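Only one chain is shown below, in structure tokens, and it's the form predicted alone.
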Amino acid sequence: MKSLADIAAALQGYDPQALSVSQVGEFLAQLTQPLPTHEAQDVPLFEALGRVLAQDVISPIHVPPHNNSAMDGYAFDGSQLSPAQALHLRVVGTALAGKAWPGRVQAGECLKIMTGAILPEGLDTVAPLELCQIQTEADTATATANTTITVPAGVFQRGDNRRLQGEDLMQGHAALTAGAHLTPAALGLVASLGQATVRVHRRLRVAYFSTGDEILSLGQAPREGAVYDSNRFTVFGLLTRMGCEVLDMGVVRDDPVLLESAFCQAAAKADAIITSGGVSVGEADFTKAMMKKLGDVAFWKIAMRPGRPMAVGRLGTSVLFGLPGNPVAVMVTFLAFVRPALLRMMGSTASAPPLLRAKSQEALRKKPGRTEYQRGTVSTAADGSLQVRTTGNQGSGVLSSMVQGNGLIVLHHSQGNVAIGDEVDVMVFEGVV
């Protein structure tokens, strides 16, 4: 396990008083490690949504298990098709899904077939019912009806409307790889293999508490100079959406004894610790002092807005994230830094969500030399392109802007002013905030 000093020494241009957003990402990539695989668990599919796979899911079967029809229609040997001449075929039976048709189809014959039914040997093409002409004539000698179809010329190619054995998944191949998140679609994929359980990483345990004498818990009476603790609930929501096990430790006052107790309890129980408040210049330094006393901690000033101050480090085996106290700054630093680091600890191989490109509907002032995250609302313009405007007041205490907006306008480190109509990057909130 590398010390913070070792990580910093390997980071080009490291300056804790002026870190770029990209340097913070590089540092945290070295600081955080995935959970050990020996702690993985086997869980039923109904309990696996959102969990992270600890090992590959290997397909024990071909999916689909047989060549089959992709639609209701008539199956035949496609080598008989001619681009210039219609094909006339006699219907010799009907194949239903769920069982093999027992006969054999000869040249000049076809089989009525339902979606998902096995294609008998020698048949490789299906013409949909609605595109065929059907003729039925009575056979008076046998008191039966003879049905023939006409497949129009130039409409089909050999192999049309056929699903091949194993075209979705091949037996012995990885259906899902370790580190993948189990989405609703992934649960269905595992179920299609006949597997009732999957092996996943245990849930990441994350402890959180707010610090400060000015912070009120819900239920306490208002008092002058105090504010209710919103960070506790936004962080809880962010962690819960990630699938973490949240250890809520409430509000801890600026008291060395109480702070030491809170940090020690959190370090004993959690893989990661998140705090808000107490890391800015000029604040009461009890929180900083306790972090230094109990662990290996670095205090940063990041070239970003909002969210400049931040502390990171280790308390025992727990990774520590000391976030600023302002509500919007807490959410922005969580999304930019903490969430990717926690995903790495969870064993996730998920890449960062792609940034959308949208045209700014207003001029934005921006000085090169820092990354800015402005709350914005993305919409679709009349021509189908994406457009974005800010939510207005961008103060780091304006929490309502995180509700009104649906993403963050990301103005990068070297970027300058933005004119109306310029394209900007947007980090969308859907599924995260």
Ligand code: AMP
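What you are looking at is a predicted structure, and each value in this text was computed from that prediction instead of being measured. One rule holds for the numbers: they count along the sequence shown, beginning at 1.
From this point on, the text means the form predicted in complex with the named molecule, which you will not see here.
Student: Exactly one of P327, G347, G322, G73 has a non-hydrogen atom within 4.5 Å of the named molecule in the model of the complex; which residue is it?
Tutor: Of P327, G347, G322, G73, the residue with a heavy atom within 4.5 Å of the named molecule in the model of the complex is P327.
Student: Between the options S230, Q165, Q361, S261, which residue brings a heavy atom to within 4.5 Å of the named molecule in the model of the complex?
Tutor: It is S230 that has a heavy atom within 4.5 Å of the partner.
Student: Counting only non-hydrogen atoms, choose the one of 165-173, 188-196, 113-121, 272-280 that falls within 4.5 Å of the named molecule in the model of the complex.
Tutor: Correct option: 272-280.
Student: Consider V200 of the chain shown here, and say whether it contacts the named molecule in the model of the complex, taking contact as heavy atoms within 4.5 Å.
Tutor: Outside the cut-off, so no.
Student: I'd like to know if E109 sits close to the named molecule in the model of the complex, meaning any non-hydrogen atom pair within 4.5 angstroms.
Tutor: Judged by the heavy-atom cut-off of 4.5 Å, E109 is well away from the named molecule in the model of the complex.
Student: With the cut-off set at 4.5 Å between non-hydrogen atoms, does E214 touch the named molecule in the model of the complex?
Tutor: Within the cut-off, so yes.
Student: Determine whether any heavy atom of T125 comes within 4.5 Å of a heavy atom of the named molecule in the model of the complex, and answer yes or no.
Tutor: T125: no, not in contact with the named molecule in the model of the complex.
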